[in-house]
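First come two forms of one protein chain, each written alone as structure tokens, so that there is a structure 1 and a structure 2.
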Structure 1
Amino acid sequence: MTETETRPDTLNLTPPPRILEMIAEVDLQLHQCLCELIDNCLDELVEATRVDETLEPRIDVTLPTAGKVNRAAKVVVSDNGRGMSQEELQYALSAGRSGKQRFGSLGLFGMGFNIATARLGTITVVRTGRRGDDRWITATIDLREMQRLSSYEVPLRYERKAPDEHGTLVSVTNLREDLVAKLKSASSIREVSKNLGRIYTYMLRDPNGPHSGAQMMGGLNQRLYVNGRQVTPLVPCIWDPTRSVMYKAAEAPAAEVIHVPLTNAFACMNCGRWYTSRYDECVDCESTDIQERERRIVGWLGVQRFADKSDFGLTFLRSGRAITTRDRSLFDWEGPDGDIELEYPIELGMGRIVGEIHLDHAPVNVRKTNFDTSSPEWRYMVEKVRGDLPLRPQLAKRLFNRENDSPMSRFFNAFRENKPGLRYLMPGNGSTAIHNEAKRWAQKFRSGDPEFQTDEKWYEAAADHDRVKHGPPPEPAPPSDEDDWLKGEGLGHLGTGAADGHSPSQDQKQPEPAAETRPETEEQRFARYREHATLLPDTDREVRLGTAQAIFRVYVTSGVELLKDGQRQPTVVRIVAGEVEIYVDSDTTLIARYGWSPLNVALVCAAPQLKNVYSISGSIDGLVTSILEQFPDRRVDSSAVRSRAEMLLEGLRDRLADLTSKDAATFWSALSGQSKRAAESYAIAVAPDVDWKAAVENGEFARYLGVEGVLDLVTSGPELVLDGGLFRTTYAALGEETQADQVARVSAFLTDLKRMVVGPPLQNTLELSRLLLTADLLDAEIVQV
């Protein structure tokens, strides 16, 4: 044998199957593994339902239950799609081996499939068949066997099937020990189901469902089951797109569609590299399989019907699968120096801006848990949806001399505050926002309760808040001057209420003959009260009364006398079939003159009767407390007071910075030395590399001013900040003594604000309540931006 003959022409570098087992060591959770298999099913079913209107698509995931799981148990994912031919199966599996991924699709048995199945167990069976075939084709991928034989040959099996049957099934067995341990937890299947509902919200929800915003949000109405139980999509609980608030004298809708068309691009179907122009051969992998693909950024921004500390933010999807949820990166502003500042939420740390952005063309990481945020595709989306300027208009104007006009900025500015009432679309109870109650309703929304699918309940609560706080809307205007003028001209028949040819006054003169008077029934009497009443929104709920549960409602009446035995009462109570209704007269002395809240009046006045009817032992005080404890939104505590104050101070700084940017020197000189030093210290604490000298010169110092500094401005330079500058308070036009009163009044508010922000936590409830009232008064005094 010559030396040349012993030299091989090639080396066999086929990777050993053990590599897949090693790759499977990556930290993929159970639901993430299942997603890789479900993605294949959804790819197929979306297409199958498009071509066959009779197909009722379904994907079934079967997991061994806690009591039965062992290594020999199976994890099964099956769909009723069209199935594959032998050639298609071979292509799908071999494509997976080569790491090939189809664009516009989620999986196609790619590397994700291989890693996911290997992560679950060592034997994977793929069984598939098409309508009309009389056999299932079954491929068994046994990693250990492949390793033992050092072979990539996969045995095929053929089993009888009914010609009507079709679909693909992937089953994994010889499960990994850690998966078995995981499935032994009774809650693991529930957790999987919940995660799948979150990840596939778009795929699973009905675009024609009854929930507000259904059509705008869209959905593909696919069905997914885990152990026979339907996976419920986590549907965003948003305000209807037809709702709006006023911002900059224009209507700002509560939801907005995002649609950014992009130019088509060319994608290498082998390695995934994108090209802006057509290439015959991929520069990276030399593949000639390069196809033109449509690209676009689509989705929506919306306002959630409740605010929450963590449950808000954006969902970013790729091919219908949520890659990240509750993402808040678009609320960050990255300054020119690279510092990142969180701009939202501003209030109590509670946010409610949500949305979904589909980025089918942007790259994701291998585990599909995040987009590549350094990619040009992601950065372009950020530019279009959020913009590169601060969301806060004053800051943007000061720093860049223009405002951020992105969709996110418009949303941020219209809905940045969580104040109760219709102005910001936030449910309230007449005194505070009812965050807890609004969230409880959202739970009912998510459990499918039809009464909570539209935003009606939340809207009513926002409107009722305004009614309770500011009184009912004004009655229709009495005959106007215009009517008098018309009468003077002999054209009285054209006036208000005279469209039918005779005036209201004529009707009054000739009343209809009185109907036969019948005594009013109790039903009629309470119906009459309700006609003149506003329901306190957070009270329409079950409340524990001793050992009983009762539906509890408090109505605030106006313009109607509440009577009992012919005597006018501050409250009347009606208890029927487990429902307690308490009617409170808003004119009653406790409310009108002593500022009690209607709920407190209702509880105190009705407590003896409730105690009697529900046979509750103990004191009246104990009963009232036990009921109030069930209304956490009503609680007054020091953290709520401090948060409110910090929000007010933030608003003051924002507004003030707008003023100081125009005349920084004058404002700076009005500050005491102590306030100047405090502002500088604070600036260095929160922004260590701040250029303080520049901040003093350009007015930016106002963003670091404490309450003491604002107080300095009010006392030393009232003409700078009153009369519509920082505060609405009238000043210049008044006499000297009254001017002093005005300064004293605003100063008193600010002194309280200082107490709220920098003082030790307060425990005295009366004082906390007083400070909250001050905050309300001060808020009303500040010029709105």
Structure 2
Amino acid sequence: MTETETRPDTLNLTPPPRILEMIAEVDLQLHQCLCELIDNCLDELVEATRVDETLEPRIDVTLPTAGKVNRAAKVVVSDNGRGMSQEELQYALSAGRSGKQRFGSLGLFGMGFNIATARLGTITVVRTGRRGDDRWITATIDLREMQRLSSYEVPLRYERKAPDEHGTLVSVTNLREDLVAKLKSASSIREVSKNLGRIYTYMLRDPNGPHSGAQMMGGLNQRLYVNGRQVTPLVPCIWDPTRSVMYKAAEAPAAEVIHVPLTNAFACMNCGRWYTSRYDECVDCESTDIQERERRIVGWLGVQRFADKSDFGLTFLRSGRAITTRDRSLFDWEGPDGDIELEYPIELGMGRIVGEIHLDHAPVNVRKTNFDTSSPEWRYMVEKVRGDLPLRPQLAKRLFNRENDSPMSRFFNAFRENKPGLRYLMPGNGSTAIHNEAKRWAQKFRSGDPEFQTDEKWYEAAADHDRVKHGPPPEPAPPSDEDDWLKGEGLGHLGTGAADGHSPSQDQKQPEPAAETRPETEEQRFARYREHATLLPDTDREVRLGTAQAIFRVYVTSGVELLKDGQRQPTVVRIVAGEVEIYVDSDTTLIARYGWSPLNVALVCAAPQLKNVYSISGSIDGLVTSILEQFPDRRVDSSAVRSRAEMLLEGLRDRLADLTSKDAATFWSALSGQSKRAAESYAIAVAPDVDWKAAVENGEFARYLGVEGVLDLVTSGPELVLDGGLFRTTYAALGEETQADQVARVSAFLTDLKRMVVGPPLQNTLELSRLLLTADLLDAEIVQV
């Protein structure tokens, strides 16, 4: 018998009955259809690169463009994997019978190929070949022809190929009308690439890339192209794992690895059922293909470099493919009565906790759009990553007498607030958080701008916020007598300034002979200003000035005099080559005495010069307003004020509950009758089953106090809450009149807080700004846990 005579002319693709019940529920979008084909490619390429480390894996997707698409156009997906034999090809194309198994690969049911290609068009051609073979094997699946003939037999062709050629190509034509209509949109191919970058972010990203957290997040560095353009993975924009904040006197890292090892178990590779011990036959599907497999929960949790109302949450993956993204179900807490309560985010609805959790052993639905959240595997993950107690520590202690110690709870408590500065790793401008600017930087991160790959830009903005708001760090202490003694003992390196690598002996060097004094150039003068300046982070950007587009920067200086014509100025302006630099003296009266923001001072003082240089018509007021409108983070509205106040009150209640638990009767007796009744009413409203008598006895009543109740404690029992109790304010060591001043000062803050929490919405910008300033001052008074 010759080689040609052994080659069959047909394949039998008769599907099993299982396909009939599953295919009816499937409705895939274009990118989901492509994912089913790409899954098969990735399964093959991941395995192929393990066998052959020299292989450069590549997947190509070719879609007809908007101007050329019609029903005769082709959708093509190809890879340079190892290809298939004739037997492997038959298994791959037979619905419900492919070599894909429930675990260990992206293809799950052996049906994805058939469903996806049928959703794209009615004629599918598959060409495959292995290294060393002398021919391509090509199968043509024509669904209309198969239906007409009532036959599942499909024709095969054999075409010559070079022995070193290998791989698989799937081509679909006679496209469906809805797909043609979809591809007529000019943005459809861009949307497909974006979706693929989101779904395959782990498979495509480089674990050794330049972005912060690259090695911790990992990746497989596969290559996927759509119409010749490489798909960019949607890489999470997180803080570097080496960054941290302090929480409960310990460092809380901004990102950490999740690794929960599980005991091996036995899985039915046909239907997915797990067994704790080996079975010869699955009790559900009677399959004998039961294998022992490794199980584990791995991934990471982290803090995003920006807060957003929708762009945050967790990604859950199976075999490297994202099944759900921006999932926030772990931020919910299900109470004993079954009610679901959202615990995060709590500030302006803007969150930044993100993460990726790999659950290769957990079941997913047929469309791979969600995990089976009722399965034991999913629920166990929730227990380990999120815990079964409230994330809020005080609520957990009140209801269960212990705190949630899960990884998610630690992140929630360390980073739940979005206050600007290094305390919470949030960029700011000296006044407020710069959410819009931080998101604009994140867009540059995702576009691959090398300047924005690490978190340095965001970190500097958080540090600059603290510098602008609190001033520069204190100068090193001058050398002391002790330094002289240390130097005499040969221990000068332990003296003042040694911690910064600054040797005291250097200060004692004889000064160099004075050089000839030359007039300072303008370049040198502004360089000197910059040496004593902090750049307002949200001002380093393009700003429209009339018809011009200029780079706009505002620097806040300290310890240097700004001069013009020999006279000290509050601001000086430098305009060179389309770049506007405004330097603002932090000691100027408007800032030091009247609380103006540096940006406002810069704009008001520089506006006449800008108006003249850029030939801007209209009023000075109009110019300042037009510039301010380009800084959305600088806007002040009533919702921001209310949210800030509610956060402050919640923090006061948490801290106060720690105090009242130690001496509940004394604190309770310091409250007015009105505050007691208000607390009880509020408790009944938010916790109908509360044991109010017990709450009064054990101090839990503090969690329901209004601002009026806190005010009662300050005025009736200042010794209970001042001197580091609830507020840092010094009290006991002062004279009687000064004590009264201290009580009045804190009371004034709390009166404003009450106005913010329960008063009608405010529209007056000046009053909103004043209340936010009060919130800052009150926040600084509260003892941090």
Partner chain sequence: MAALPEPIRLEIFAELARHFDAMRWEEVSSPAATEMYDRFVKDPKIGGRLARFMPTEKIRPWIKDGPAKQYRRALEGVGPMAQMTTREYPGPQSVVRLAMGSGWALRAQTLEVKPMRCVADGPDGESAFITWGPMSGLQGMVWHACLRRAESESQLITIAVTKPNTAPLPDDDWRLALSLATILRARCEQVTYMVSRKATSDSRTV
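Between two forms, the rigid core is the largest collection of C-alphas that superpose within 1.5 Å. Sequence positions of structure 1, starting at 1, serve as the residue numbers. Not measured: the values here are computed from a predicted model.
Visitor: Any idea which of the pair is the form predicted alone?
Guide: Note: form predicted alone is structure 2; the other is not.
Visitor: Under a superposition restricted to the rigid core, does R655 display a Cα displacement of 2 angstroms or more between structures 1 and 2?
Guide: Result for R655: yes, a 2 Å-plus shift.
Visitor: Could you check whether the CA atom of R568 moves 2 Å or more between structures 1 and 2, using the rigid core for the fit?
Guide: After core superposition, the C-alpha of R568 moves less than 2 Å between structures 1 and 2.
Visitor: Just how large is the rotation of the smaller rigid part between structures 1 and 2, in degrees?
Guide: The angle the smaller part turns through between structures 1 and 2 is 12 degrees.
Visitor: On a rigid core superposition, how far has the CA of K693 moved between structures 1 and 2, in Å, if you could check?
Guide: Shift of K693 at C-alpha, rigid core superposed: 8.2 Å.
Visitor: Having superposed the rigid core, state how many Å the Cα of D712 shifts between structures 1 and 2.
Guide: With the cores aligned, its C-alpha sits 6.1 Å away.
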